[in-house]
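There is one chain below, alone, in structure tokens, taken in the form predicted on its own.
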Amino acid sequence: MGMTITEKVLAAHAGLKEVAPGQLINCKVDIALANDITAPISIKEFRQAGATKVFDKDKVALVPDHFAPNKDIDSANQVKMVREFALEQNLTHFWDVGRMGVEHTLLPEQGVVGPGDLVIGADSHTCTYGALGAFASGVGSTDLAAAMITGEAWYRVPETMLFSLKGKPAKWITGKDVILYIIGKIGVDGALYKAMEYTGDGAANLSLDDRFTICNMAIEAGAKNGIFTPDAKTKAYVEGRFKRTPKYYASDTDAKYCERMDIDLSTMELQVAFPHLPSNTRTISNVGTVKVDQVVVGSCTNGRYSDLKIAADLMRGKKVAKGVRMIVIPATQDIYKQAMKDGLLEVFIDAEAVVSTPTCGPCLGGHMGILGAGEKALTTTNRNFVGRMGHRTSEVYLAGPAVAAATAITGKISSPEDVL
């Protein structure tokens, strides 16, 4: 019986020749990840279980990125607990302020995760790493504690949905548009506990940054994981970066899929998700007039260098609209440095935007851009639930970096064509 790429990665980590959807398995993990919100809970559970040592100091990664730099005493105490645990356990992968970045951008960049890995993280967007051909999924903090102790986690093997991509996306279309389009079609529970596999010649036309964004938001469709088959672009990305030996898997031609969906990237329009669900999508031509108070470019979906460059290219020589706040957040220190070297940060500052140190910040309503009552934000982040970025009466609209930059310039949700 043929297997999908998801099934192959799971089988390899369960020590089995094959697995099938619905099967319960126990797997060895390559990386167990937590952040400054979820790690303290995991650490407490770790202690309560009577554990004294993590299963492998090289396979536990802690990244304090949500409230970092610390926004208040409570967040400072949370990070203090994480820092002390990391030092006590002599963890290889701990990034403090000055070194840290947004976790789901940082780990691939630093070569901590790679093709063929099984990664669990106490953060729902851990599924990002499927872009490299890894099986990666979010778990609760208690499950993460168990993995830190045993190096193992249990799974029910998910069914797989196949998304066949064809064509080349038009200018300005990014992975954000692709995944918003898909979620708009299938809904926020359209892939519930399923694997979302992407294939076809269109997949080859997507950059790794696009793929990271698409896999990141698999959870917004209720999926267990998102995954791409590694190709030449994947191999070029991990070469000289990934710190272990990559393992490349691909689905068998006779693999079974529960659903299939064909998507033509060449005809896709820019997408905007209206409040209060990522599935409430509209094409940019059907947005109407929506004035905004704030624009954010950043997060684990769109804080990469390519995102910043798209925004900067549109904003060069222009100003942020009067009455609008624009916040730009490079996702890692390396991205920050490259953007600084190439003059992108100067473009943003000249446009009267503010540039932040790497942080999740406003994405979860943490800090660095909280919305007040009735305010509206167009953001490149990944969720727009009620109260996600601040007051319960505020509104969050999701889009890619081109729409974000154009919106910052005009003060209303706009296409990049509107500012050229």
Partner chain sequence: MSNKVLKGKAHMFGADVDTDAIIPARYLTTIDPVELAKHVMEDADPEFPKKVKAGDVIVAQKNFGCGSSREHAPIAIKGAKVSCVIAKSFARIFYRNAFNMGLPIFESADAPDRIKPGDELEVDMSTGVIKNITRNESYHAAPIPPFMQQLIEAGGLMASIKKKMGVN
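Quick caveat: nothing in here was measured; it's all calculated off a predicted structure. Residue numbers count along the first chain shown, from 1.
Quick note: we don't show the form predicted in complex with the partner chain, though the next part is all about it.
For the candidate set 117, 123, 197, 210, a heavy atom within 4.5 Å of the partner chain in the predicted bound form is found for exactly one residue, namely 123. A heavy atom within 4.5 Å of the partner chain in the predicted bound form is found for exactly one of 259, 201, 262, 189: 189.
For the marked spot (138, 142 and 146), a heavy atom within 4.5 Å of the partner chain in the predicted bound form is present in each of the three residues. In the predicted bound form, residue 72 approaches the partner chain with a heavy atom inside 4.5 Å. Taking the partner from elsewhere, residue 277 is found to have a heavy atom lying within 4.5 Å of the partner chain in the predicted bound form.
Taking the partner from the other structure, the partner chain in the predicted bound form has no heavy atom within 4.5 Å of any heavy atom of residue 16. For residue 160, no non-hydrogen atom is located within 4.5 Å of the partner chain in the predicted bound form, even though that partner is not displayed. Per the 4.5 Å heavy atom criterion, the partner chain in the predicted bound form is contacted by stretch 73 to 81, the sole one of 267 to 275, 332 to 340, 73 to 81, 106 to 114. Along 47 to 67, residues 48, 49, 50, 51, 67 each place a heavy atom within 4.5 Å of the partner chain in the predicted bound form.
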